[in-house]
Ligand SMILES: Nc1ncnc2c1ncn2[C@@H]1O[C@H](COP(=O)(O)OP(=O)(O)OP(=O)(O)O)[C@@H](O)[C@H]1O
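As structure tokens, one chain now follows by itself in the form predicted on its own.
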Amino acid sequence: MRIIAVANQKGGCGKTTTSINLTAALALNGKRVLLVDLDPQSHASLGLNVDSQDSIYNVISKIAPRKLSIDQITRSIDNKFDLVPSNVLVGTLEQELADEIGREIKLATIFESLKGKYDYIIIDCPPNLGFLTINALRASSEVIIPVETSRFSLQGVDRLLDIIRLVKDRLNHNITSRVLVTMFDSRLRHSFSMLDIIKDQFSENLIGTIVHLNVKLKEAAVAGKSVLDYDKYCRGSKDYFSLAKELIAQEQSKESSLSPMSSTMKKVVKDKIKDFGLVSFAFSAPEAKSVYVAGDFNNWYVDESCRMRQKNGTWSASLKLRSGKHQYRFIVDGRWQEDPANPNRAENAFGDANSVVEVV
């Protein structure tokens, strides 16, 4: 079970939007996912049209009039998508448990009963670095830090990373932190300047997917739905679906690296190498800051292995692909698009088309 906190002490950076829509996208990919709303403002709950008197407060508190288990308060949102709601009483937990020993592991202890029930738990943290966020970090193995392209958002990241180091030192708990660029406005030159700064500062732990500014994300929240339920063809849906694919690909890559390869398997791999061919991709974009190529051959995962190199305004990359047909797209400054030089296309699930290349 993979537990991921979504946190940034700065409000308005897409934290709750990411929590809701990443959960929905993971569920759409067949994963069993629980979204835990740990914010007393209960924006994630309200963003899914859930207004509940019972919340995570009833599970953690010792003085709650109605003491409940986490299963008793969990609400089903969609197939494989469950929610643990929040309410204003959650904000009183810090004062209530101020002097209690082991208060930092309350959430981690509760999650023990959920092992085997979910593939992912996503925690929407409050926009501060208090007791609730510390609990979320202690319960998680990973934290996603949404960052908009502004200086103030970057300052929030530095402070959160300080808290993560504190959790490691004081509570002996390691957390992997990754930065997600959100609310990216590709119309503004300033956005690309800030993106370069973010890449320089967080190059080792930057998520490849970029979430673009999209009005459908706000409309979906008002409608009480995830953006994938509200408009599956919009830019926001595509970005969060891509983010979910990236997380799933990380998991598959890790499992593959941990599996020992037998001598028989090594022979099979050696024989299969003959079935691969070298494919050269090229894209003309002199003004672009970065270009990647991703497709079904790498699970649509965007990382340094598929970054294209630029020379005289043309970006290029050569990849070894298995024999057969492959669908792919270019990611130009975070925006996915077809290969304009390739007339071969196949319709995808978003109503767009992927470019198709055949390896013989």
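Counting begins at 1, following the sequence as shown. Note that the structure is a prediction, hence the values are computed from the model and not measured.
Just so it is clear, the following notes concern the form predicted in complex with the ligand, a form of the same protein that is not shown.
Open item on the list: Quick check on residue 41: any heavy atom within 4.5 Å of the ligand in the model of the complex?
Closed with: Output for residue 41 is yes: heavy atoms within 4.5 Å of the ligand.
Open item on the list: Since only the chain is shown here, I'm wondering whether residue 218 would be in contact with the ligand in the model of the complex (any heavy atom pair within 4.5 Å).
Closed with: Yes, contact at 4.5 Å.
Open item on the list: Considering non-hydrogen atoms and a 4.5 Å limit, does the ligand approach residue 208 in the model of the complex?
Closed with: Contact with the ligand, no.
Open item on the list: Please tell me whether any heavy atom belonging to residue 13 falls inside 4.5 Å of a heavy atom of the ligand, as the geometry stands in the model of the complex.
Closed with: Residue-level check for residue 13: yes, a contact with the ligand.
Open item on the list: On the criterion of a non-hydrogen atom at 4.5 angstroms or closer, are 17, 127 and 212 all touching the ligand in the model of the complex?
Closed with: Yes, the whole candidate spot contacts the ligand.
Open item on the list: Can you tell me which of 297 to 305, 46 to 54, 33 to 41, 322 to 330 lies within 4.5 Å of the ligand in the model of the complex, counting heavy atoms only?
Closed with: Contact-bearing stretch, as computed: 33 to 41.
Open item on the list: Within 4.5 Å, heavy atoms only, which of 110, 183, 73, 134 is in contact with the ligand in the model of the complex?
Closed with: It is 183 that has a heavy atom within 4.5 Å of the partner.
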